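The chain below stands alone, shown as structure tokens; this is the form predicted alone.
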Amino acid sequence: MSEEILKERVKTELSDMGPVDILVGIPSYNNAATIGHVVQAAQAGLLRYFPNQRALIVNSDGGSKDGTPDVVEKSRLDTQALLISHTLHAVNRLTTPYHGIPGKGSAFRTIFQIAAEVGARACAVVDSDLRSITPEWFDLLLRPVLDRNFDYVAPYYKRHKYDGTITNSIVYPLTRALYGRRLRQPIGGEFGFSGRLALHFLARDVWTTDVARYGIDIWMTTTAIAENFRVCQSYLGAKIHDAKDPGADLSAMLTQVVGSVFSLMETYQDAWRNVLGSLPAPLFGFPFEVGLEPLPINIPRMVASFVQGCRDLRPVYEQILSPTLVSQLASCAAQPTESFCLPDELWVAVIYEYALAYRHHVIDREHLVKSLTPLYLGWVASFARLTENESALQVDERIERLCMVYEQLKSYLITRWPLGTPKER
């Protein structure tokens, strides 16, 4: 397997380097403007918090054209300015192109392989376009693995109430209801994991599938939970990135993420069918309040997209959803924008029936998940209208109530979910 993933030059460099305790992976593609800051934060974190450990930073690059690898190589840290001293080991750096299907998953595969080659005990991966990353993040992502024997550390962020709505409305509550663990940011982008879990990830036969393109975050989280690895989460503060209007064109992202979640439901059906309720995951770090950047949102535009979808896609919805749900959605579409509301119970029933339709191959799976976009925009519009004047705590409580609806209606999904492998129509 290593012959296919790593070039001889890289294996020679790793051999010369010798064993490594900690590995930090940074996937990239045309991130020259931001990756220098991320690399310096990683260096500072490793030197400050793990001065006695041998550490390696790996940049797994997808063929950047803007000089990203050069920025990584030239990034230097002023350790005196950061009051870092008494380190036993320098932090090594390695930049390598990844091979295979273009995408974040292929970049991670290279990172997993390098972790195996150097025998890393603990690993962390972080995005290359972060503006809010600090050296403390690496302590929070790696310390639970090294000192507490956790296998997987998910991030916990403070986010604007209109940021991460795909996570809030589908990915978090559905993953929680299915597998019984409350990991608040299952597709957060920054994770810590043990060397043994890296080996487990590497051995899985998923690297020619959509996981290699865009489903790696939810695949890692789901695999860790469903296969009974020890999971926890660490509070990292704010995640500041290039936020987008939730009402903007997001059909591709929704299709990728939700399609991955639905596909994993098939893979792990034996793991979630007997799970009822959920348990909290241990949380490390101090949950301090942070300032968050405002996020624009256009409720009338999203309501209009929902109304048009209910009208134009009704024949499609009639194939996917029960007549009762189709009728209830039509009633929502008839509401005035200023009082528009899509109830949690209706939304959760829609998601569960979509999962069942995906399982049964009712229509082409990509078309099926894309057709969810107008309904998702309806939920976001309803959520935004209801929370317009609510505090962060009140919004968290509202999302918690949505999660409970997912858990309460799970029996509906279980009783209708067929075992075995249905044939595609």
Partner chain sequence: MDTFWEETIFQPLQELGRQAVASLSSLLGMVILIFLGLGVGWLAKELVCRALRLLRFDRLCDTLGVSQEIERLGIVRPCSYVAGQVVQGMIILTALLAGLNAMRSPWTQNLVERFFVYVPHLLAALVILVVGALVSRFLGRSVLIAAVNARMPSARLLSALARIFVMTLAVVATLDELGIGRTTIIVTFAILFGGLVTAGAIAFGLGARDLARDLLNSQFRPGPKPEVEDTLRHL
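Numbering follows the first chain given and starts at 1. The structure presented is a predicted model; accordingly, all values stated were derived computationally and were not measured.
Here the subject shifts to the form predicted together with its partner chain, a form of this protein not shown in this document.
**Student:** Consider the chain as shown here, without its partner, and state which of G277, G119, P343, P296 has a heavy atom within 4.5 Å of its partner chain in the model of the complex.
**Tutor:** Selected residue: P296.
**Student:** Consider the chain as shown here, without its partner, and state which of Q308, T134, T208, S331 has a heavy atom within 4.5 Å of its partner chain in the model of the complex.
**Tutor:** If I apply the 4.5 Å criterion carefully, the residue I get is Q308.
**Student:** Among 67 to 75, 160 to 168, 268 to 276, 227 to 235, which stretch has residues whose heavy atoms lie within 4.5 Å of its partner chain in the model of the complex?
**Tutor:** Checking each option against the 4.5 Å cut-off leaves 160 to 168.
**Student:** Even though the partner isn't displayed, in the model of the complex is L356 close enough to its partner chain, meaning a heavy atom within 4.5 Å?
**Tutor:** Although its partner chain is absent here, L356 would stay clear of it in the model of the complex, with no heavy atoms inside 4.5 Å.
**Student:** Considering only heavy atoms, tell me if A203 and its partner chain come within 4.5 Å of each other in the model of the complex.
**Tutor:** No, A203 stays farther than 4.5 Å from its partner chain in the model of the complex.
**Student:** Is T34 a contact residue for its partner chain in the model of the complex, using a 4.5 Å heavy atom cut-off?
**Tutor:** T34: no contact with its partner chain in the model of the complex.
**Student:** A44: heavy atom within 4.5 Å of its partner chain in the model of the complex?
**Tutor:** Flag for A44 set to no.
**Student:** What residues, if any, in 301 to 321 have a non-hydrogen atom within 4.5 angstroms of its partner chain in the model of the complex?
**Tutor:** Heavy-atom contacts to its partner chain in the model of the complex: R301, M302, S305, Q308, G309, R311, D312, L313, V316, Q319.
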